[in-house]
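Taking the form predicted alone, here's one chain by itself in structure tokens.
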């Protein structure tokens, strides 16, 4: 059954159609061209009325309603359709755009359920369900897990639109396959994720494994305090790193600088006093975070598990250092494992992980910022470029895409984009995702919670999807302040009644 006809100037990638009913953005249609059936995606839809075209006041509008009701030809439904490729090839996972544009007058129709299932719900290994097509709710939307590990993933949306739910869902699906996932949890959103094979780790930093600049950041020496940083570099010797009494030895080295009679060193004595205070203060403030006796932090990560690395207790600088350390070590481990397996080196190499790893960085705009360099950004960019060769996938999650480094974003092969209102964010997404049309990006403002545009290599075609809710995710949703206040008031009343009861008992005892 015809839904409409191609009109106006058509192109191999884009056509306009007049339809018998208003089509929804995100709806798929079929164009019956001479070369074969073509699948298209409605990217923009509009309705116009001849009766209301030149209405200038209320009375004219009132009269036009009667005219519009009588005239069945009054409404014009227009759909702007992006061409996705020949249907027959899309069923095989190939997107081939027609060389000749559909001729105006070509009929369009709705694809069958079987057509869409073959493309969006392939029955192949590695494809898992994450929801349903937004406009065809009977069709399961599946994604290819191999592609996100091999070519990386970006999840971008405003806060509260379902980013952490999608992260939990992907993690849950990888967990069913006994894959290894590491989530750097900056806001403690995932430690209560109630899924099997989960391993929650409180991130700590072993100061012995850092270089002097990293230790300076962890101790929170100010960025511009160059002399203090110089003192720390002088004191942070190999002997300090290897000493059983790490902090004591470090303090001794700084004490040596303070007491030195060398004329050059005397000039930095005041800064050395300050470094002494900083080290002493750090031992007290960061007692639970800086642990020189913890061994290798990577050893706490378990293969075949969902590892939640809780970095919520760390300051931004400390989290940056910790993240950079983990990313560096994970890339090195996967490189060594790959080299051993392919027999390309005679040098003995030790590695921990036998199989690919998927790393997810929450709040990516903090660690991979656009406007300045960080150590975490350096290693994330390196993984984005090289990770696919060694089975190390990168997932980036952010509510501020405009603040994430574009070089890293553009290396990601797949995206889930949820509701985004800021135009700066939309421009950054358009720059990073070549396969996302302007019309589709313009629709991001109208998406609801849980709705997402999926583009890139993890799907056969761009699609609008409603992501299914993960019931096992307990934290991360908006908290109800009203309920919390009501419960607090009830608890206060109970406490008062309890106290009054005790007073009465005391009086009775007297």
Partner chain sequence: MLSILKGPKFEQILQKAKQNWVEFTPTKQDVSTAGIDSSFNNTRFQGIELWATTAVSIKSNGEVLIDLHDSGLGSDIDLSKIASKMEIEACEKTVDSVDLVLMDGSLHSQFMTRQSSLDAMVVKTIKKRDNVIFIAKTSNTKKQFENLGSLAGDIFYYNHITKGAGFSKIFVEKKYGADKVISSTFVRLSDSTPIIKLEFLGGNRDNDEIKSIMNKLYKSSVGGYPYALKLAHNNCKISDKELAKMVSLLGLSNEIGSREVLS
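All figures in this text were calculated on a predicted structure; none of them were measured in a lab. Numbering follows the first chain given and starts at 1.
A second form of this protein, the form predicted in complex with the partner chain, is not displayed here; the remarks below concern that form.
Although the partner is absent here, residue 67 is a contact residue: one of its heavy atoms lies within 4.5 angstroms of the partner chain in the model of the complex.
In the model of the complex, at least one heavy atom of residue 72 sits within 4.5 Å of the partner chain.
Using a 4.5 Å cutoff between non-hydrogen atoms, residue 34 does not count as a contact of the partner chain in the model of the complex. Although the partner is absent from this view, residue 442 stays clear of the partner chain in the model of the complex, with no non-hydrogen atom inside 4.5 angstroms. Here the chain stands by itself, but in the model of the complex one stretch of 36-44, 480-488, 58-66, 453-461, 58-66, has heavy atoms within 4.5 Å of the partner chain.
51 is the sole member of 447, 470, 51, 467 with a non-hydrogen atom within 4.5 Å of the partner chain in the model of the complex.
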